[in-house]
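Below you will find one chain, with nothing else, as structure tokens; this is the form predicted alone, and questions on how it binds or moves follow later.
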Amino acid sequence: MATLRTREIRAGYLFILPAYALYLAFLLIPLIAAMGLSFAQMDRLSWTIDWVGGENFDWVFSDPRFWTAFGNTFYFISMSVIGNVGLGLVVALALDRAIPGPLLYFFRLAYFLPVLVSLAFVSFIWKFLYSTDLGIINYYLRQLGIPNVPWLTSSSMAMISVIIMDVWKNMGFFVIIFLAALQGVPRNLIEAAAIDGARPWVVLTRIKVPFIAPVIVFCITYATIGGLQVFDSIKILTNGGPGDATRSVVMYMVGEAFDLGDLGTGAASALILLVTIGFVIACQFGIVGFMRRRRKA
């Protein structure tokens, strides 16, 4: 007869079984399949698979469109991280003060509400706002005597338009995180600095920012990983255009795998993206570890 401890262990495994089953079905098995397909070519008509070694990776690395998409993705990351994390920190610092409770809750809701709205829905709304002739943004620009701006049809403006929408959509998430981190800064340190005559800028740079530095690194890494996987907003707003001006790595991957039917090339580009994300995560752990060692020293 099983002991009580054995029955508890079995019950625990039964409780976590659904989560592990979902993980196995929707993450681990597709990952293994993608790794296998990246070294093979699959004929979707006859369902035959031919081993080609590293030819898929050679094709991806020699394809100029991949490097264009890679450059677009990192341009999007650089600007969206500055916008989301930078503006999120600025807004959080502005809210980290003595504000009446109802007003503080209102500001939190106002900044966080766009995060709760579906990205596809937001993208469709912004696509209408960006419309050259009927969009409300160009309407007010015309009222100011400024000619229409081709937000989504100009290769120089399309990516900027996507970034503006992304910052509007996601900045509130980082505002809430930074605000929670700032409220965790020991108030006795701030009060002691104020008694010693430290200016607000000194308090910010010498106390608040160093104390929440790990949170800043986390937010930068989180925003970077999200930027590497950007797809929905670009797909709806510009479909990668004009030309390839806004095509991301994920759009390139989906185009190769499903639009062109080359599952091997799509899987190879997906693995390259996975390695890139892994490199970003490794850099995060390295930076956080260095900061912890420095603080202990």
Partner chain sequence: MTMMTHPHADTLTARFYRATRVIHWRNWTVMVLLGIGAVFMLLPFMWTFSTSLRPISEAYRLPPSFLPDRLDFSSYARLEDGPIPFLTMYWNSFVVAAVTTVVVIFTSAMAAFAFSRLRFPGSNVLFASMLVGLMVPPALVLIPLFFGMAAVGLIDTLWSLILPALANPLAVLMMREFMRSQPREYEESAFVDGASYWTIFWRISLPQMGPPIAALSIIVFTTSWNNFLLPLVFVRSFEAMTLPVGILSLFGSYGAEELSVILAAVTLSILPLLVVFLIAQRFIVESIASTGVKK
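What you see is a predicted model; the values in this text were computed from it and never measured. Residue numbers count along the first chain shown, from 1. Each form is matched to the other, and the largest set of C-alpha atoms that superpose within 1.5 Å is called the rigid core.
The same protein also exists as the form predicted in complex with the partner chain; that form is not shown, yet it is the one meant from here on.
Novice: Honest question, do 27, 236 and 284 all end up within 4.5 Å of the partner chain in the predicted bound form by heavy atom distance?
Specialist: Answer is yes for this spot.
Novice: Could you spot which one of 94, 190, 213, 141 gets a heavy atom to within 4.5 Å of the partner chain in the predicted bound form?
Specialist: Selected residue: 94.
Novice: Please determine, with the chain shown alone, which of 202-210, 72-80, 176-184, 145-153 has non-hydrogen atoms within 4.5 Å of the partner chain in the predicted bound form.
Specialist: Partner-contacting stretch among the options: 176-184.
Novice: Heavy atoms within 4.5 Å of the partner chain in the predicted bound form: does residue 12 have any?
Specialist: Although the partner chain is absent here, residue 12 would touch it in the predicted bound form, with heavy atoms inside 4.5 Å.
Novice: Closest heavy atom of residue 114 to the partner chain in the predicted bound form, within 4.5 Å or not?
Specialist: Flag for residue 114 set to yes.
Novice: Using the partner position in the predicted bound form, report whether residue 294 sits within 4.5 Å of the partner chain, counting heavy atoms only.
Specialist: Residue 294: no, not in contact with the partner chain in the predicted bound form.
Novice: Quick check on residue 41: any heavy atom within 4.5 Å of the partner chain in the predicted bound form?
Specialist: Residue 41: no contact with the partner chain in the predicted bound form.
Novice: Does any residue in 96-119 get within 4.5 Å of the partner chain in the predicted bound form, counting heavy atoms only, and if so which ones?
Specialist: Contacts from 96-119: 97, 98, 99, 100, 101, 103, 104, 105, 106, 107, 108, 109, 110, 111, 112, 113, 114, 115, 116, 117, 118.
Novice: With the core lined up, does the C-alpha of residue 278 move 2 Å or more between the shown form and the other one?
Specialist: No.
Novice: My question is whether residue 9 is one of the residues whose C-alpha shifts by 2 Å or more between the shown form and the other one, given a fit on the rigid core.
Specialist: Yes; residue 9 is a residue whose C-alpha shifts (by 2 Å or more) between the shown form and the other one when the cores are overlaid.
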